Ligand SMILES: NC(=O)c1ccc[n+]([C@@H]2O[C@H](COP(=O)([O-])OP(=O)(O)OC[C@H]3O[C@@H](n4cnc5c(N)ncnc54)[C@H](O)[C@@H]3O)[C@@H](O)[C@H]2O)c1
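What follows is a single chain, given as structure tokens, in the form predicted alone.
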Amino acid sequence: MSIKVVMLGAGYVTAHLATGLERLKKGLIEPYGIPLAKYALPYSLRDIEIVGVYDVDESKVGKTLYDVAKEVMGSEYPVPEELKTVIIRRGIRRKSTDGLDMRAKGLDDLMSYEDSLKTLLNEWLDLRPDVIVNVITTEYGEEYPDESVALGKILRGDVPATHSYAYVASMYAKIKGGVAFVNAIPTPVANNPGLLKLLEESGVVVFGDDGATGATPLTADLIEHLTERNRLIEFIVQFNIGGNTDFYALTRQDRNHMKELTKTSMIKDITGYEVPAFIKPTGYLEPLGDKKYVAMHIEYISFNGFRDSIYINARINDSPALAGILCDLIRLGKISLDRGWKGTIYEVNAFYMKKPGPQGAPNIAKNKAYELLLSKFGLK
């Protein structure tokens, strides 16, 4: 009954997910931060097994997941010995590390791009994952209008690493008989018509894009609250500053733009009108580490023309929050495969993602999305 998982990216999120899962299995922690933990799903949290982890950072490739987790958690945080059995494998790089100050080398640097895809496919056929989770550093990626454009770009290698991984997932799914691909970063997959069509026809279940964990879902619910009470929102300001690798990558404008798109897509969908807004990651400050700083200001007009304001300041541990929802997404991915579903599933994406696929699907308040999710999987 295990769910075999391959993680793309050996950073903070994977370290927290792997460490937290092992501690849950030993009864050392409660499943806080996992939205569906109180529901009886066909698969328990104990069924999740990470069988492979991929990265291109030379400081990680070849080390064990235990080694990487120790570096992330520090000496005072207990890291389970079980993580010593998982070795960080070399993934595909493409342009995912361009402009970043790190020593990186992918399979596609050591061999032809075509051979790197084949090598990855053969490794996955050996590992036999049910779910592939993408948590690599945010990278720029285009949307392809149709399947032929997507396939042409991928075969030429003119794509980000995320799309290369998704293509290998499609080849793997044809042989294995399906796989779930969870895209927890902004690079478009579930919102990418051509790529999504390719994946769907191959039997891939796609969840995405960009896991919603911190200020974004809170902003969505606040906007819904104000809209239901017919208060006119005049403007929204929301920004984050962090010190982890993803915030470092977001100092590049093209990567920051991908994140900004997923954060701002919800406002008009919920309110029904254009709202002046500034919502995006705005800076990198290394001492903050993984605990990002969030600030929010919403100005609105209430009865008789009076103006009110909402101010929020918060410090949020970024990666554990995402790791918590991945525990659900992994199980929902396997359940979806068992039910014979393929393509993207809006009810999942609407609750767990900043920009829910498929392209053009409405971004709704997370409390409403939660009810849709429960209904879709027969949990209410």
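Owing to the predicted nature of the structure, the values given are computational and were not obtained by experimental measurement. From 1 onward, residues are counted along the sequence shown.
Note that the form predicted together with the named molecule isn't included here; everything after this is about it.
Student: Would you check, heavy atoms only and a 4.5 Å threshold, whether Phe351 touches the named molecule in the predicted complex?
Tutor: No, Phe351 sits far enough from the named molecule in the predicted complex that none of its heavy atoms falls within 4.5 Å.
Student: So, in the predicted complex, is Tyr165 in contact with the named molecule at a 4.5 angstroms heavy atom limit?
Tutor: Because a heavy atom of Tyr165 falls inside 4.5 Å of the named molecule in the predicted complex, the answer is yes.
Student: So in the predicted complex, does Leu285 come within 4.5 Å of the named molecule, heavy atom to heavy atom?
Tutor: Looking in the predicted complex, residue contacts with the named molecule do not include Leu285, since no heavy atom lies within 4.5 Å.
Student: Does the 4.5 Å heavy atom contact test between Gly11 and the named molecule in the predicted complex come out positive?
Tutor: Residue-level check for Gly11: yes, a contact with the named molecule.
Student: Which residue, Ser170, Ser116, Thr213, Gln238, is the contact with the named molecule in the predicted complex, using a 4.5 Å heavy atom cutoff?
Tutor: Selected option: Thr213.
Student: Looking at heavy atoms inside 4.5 Å, which stretch does the named molecule contact in the predicted complex, given the options 304-312, 119-127, 222-230, 92-100?
Tutor: Among the candidates, contact is made by 92-100.
Student: Output the sequence-ordered list of residues from 45-63 with at least one heavy atom within 4.5 Å of the named molecule in the predicted complex.
Tutor: Stretch hits, in order: Tyr54, Asp55, Val56, Asp57, Lys60.
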